[in-house]
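Below, in structure tokens: the form predicted on its own, a single chain.
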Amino acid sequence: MEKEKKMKKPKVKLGKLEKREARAGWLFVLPWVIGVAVFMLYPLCQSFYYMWFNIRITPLGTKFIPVGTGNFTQIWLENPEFPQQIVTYLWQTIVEVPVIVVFALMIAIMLNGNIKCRGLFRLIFFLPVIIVSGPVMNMLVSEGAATIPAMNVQSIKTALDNFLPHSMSESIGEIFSNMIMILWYSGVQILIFLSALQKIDPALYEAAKIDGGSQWECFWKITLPTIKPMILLNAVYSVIFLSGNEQNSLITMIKSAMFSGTKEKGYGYASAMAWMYSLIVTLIVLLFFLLLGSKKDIYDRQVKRRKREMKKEARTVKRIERRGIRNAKKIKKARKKRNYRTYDGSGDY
């Protein structure tokens, strides 16, 4: 039996247009890569090194006293405020992110419609992202501009305490007390949803309406599946933004620990706290990725299943052919052997 040679797939060379698009993509990504390499990579390595030491700044210089995992045990055993703030942060993030994403999607759908002064409304919803940041945000929060005056937040917290644990009710109550500020965070998400909505082919909606589809069915069957990757992107962006926001109490706690003059705290203590906090943020991002990550379409699964069946059938056909060739050889060999035995030497069988 002849051995079947496996055919190697020929290498496909990129055309001029594809090469130009690849170069353009690298040029767009290059500023981010340079920024990460210059301004982020070294501080990350430095903080990872610091968290294993108790760092003291003296007139004679900086002293590094190795403590191993002492900073971590000190944070969890001697600082009861950190675990409490972590639990509060978890509940607030898990609730706030869906609120921000849903609100941004609703506003983006309305702004994508055929309305008058559409550009003005887009500017109004994105303007807080530019203006309300840093000291301006702190001043507005201190003046109570982040809350809704007509909303009785205390009564909502009291009602939630009757049904939920105190930590959960406290976290959800903080969302109601900062509702305006949370909605201010949705400007970038609105723009991302708008760009995704404008990429949808209007012919899809026209075909659906011809077939009798309603607006609700068009939303669930066309709009939502098309912009699903943008939902994941906005969820991840919202998590990162809320985690690094100046209004986050954990960020304030890490800053105060970094510039603390006590012997127990300092740069090493704050670095260990920051790395544990970043690990928790990463786990939250992974959670949203598992919930909102793009799953394979049912038609893609059917195509792959059909390809596997075709490969299995081809292997079966080849196995039958090889078996037939072996049987034919055996029969031919048996005939030759039988003819040799019955030959009498006179030319007759």
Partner chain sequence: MKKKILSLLLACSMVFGLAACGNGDGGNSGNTGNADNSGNGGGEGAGGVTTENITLTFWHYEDPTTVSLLAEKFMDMYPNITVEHRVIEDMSTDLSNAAASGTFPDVFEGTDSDTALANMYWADISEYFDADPENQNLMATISEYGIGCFDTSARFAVPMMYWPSAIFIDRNVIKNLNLEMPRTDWTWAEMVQLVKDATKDERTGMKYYGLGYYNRLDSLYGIAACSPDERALKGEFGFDGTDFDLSYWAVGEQEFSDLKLAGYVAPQQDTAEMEAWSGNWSTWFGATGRVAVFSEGFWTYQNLWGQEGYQEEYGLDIVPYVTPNVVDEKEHNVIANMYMGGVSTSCKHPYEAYLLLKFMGWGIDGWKARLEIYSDTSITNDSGMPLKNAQMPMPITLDEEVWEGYKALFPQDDRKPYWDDYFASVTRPVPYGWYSIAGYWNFCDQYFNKIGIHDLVDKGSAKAADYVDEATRQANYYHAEAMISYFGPGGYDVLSDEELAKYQAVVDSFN
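Positions refer to the first chain, counted from 1. Just so we're clear, the structure is a prediction, and the values are computed from it rather than from any experiment.
There is another form of this protein, the form predicted in complex with its partner chain, and it is not shown here; the text below is about that form.
Chemist: Select from the listed residues M310, I320, L291, I34 the one whose heavy atoms reach within 4.5 Å of its partner chain in the predicted bound form.
Modeler: It is I34 that has a heavy atom within 4.5 Å of the partner.
Chemist: Within 4.5 Å, heavy atoms only, which of N79, T226, T88, S169 is in contact with its partner chain in the predicted bound form?
Modeler: It is N79.
Chemist: At 4.5 Å between heavy atoms, is F259 in contact with its partner chain in the predicted bound form?
Modeler: Residue-level check for F259: yes, a contact with its partner chain.
Chemist: Taking the shortest heavy atom distance, is I57 within 4.5 Å of its partner chain in the predicted bound form?
Modeler: The answer is yes: I57 has a heavy atom within 4.5 Å of its partner chain.
Chemist: Taking its partner chain as it sits in the predicted bound form, is T316 in contact with it (heavy atom to heavy atom, 4.5 Å or less)?
Modeler: The answer is no: T316 has no heavy atom within 4.5 Å of its partner chain.
Chemist: I'd like to know whether Q302 contacts its partner chain in the predicted bound form, with contact meaning heavy atoms within 4.5 angstroms.
Modeler: No, Q302 stays farther than 4.5 Å from its partner chain in the predicted bound form.
Chemist: Residue by residue through 19-43, tell me which have a non-hydrogen atom within 4.5 angstroms of its partner chain in the predicted bound form.
Modeler: Heavy-atom contacts to its partner chain in the predicted bound form: A24, L27, F28, L30, P31, I34, G35, V38, F39.
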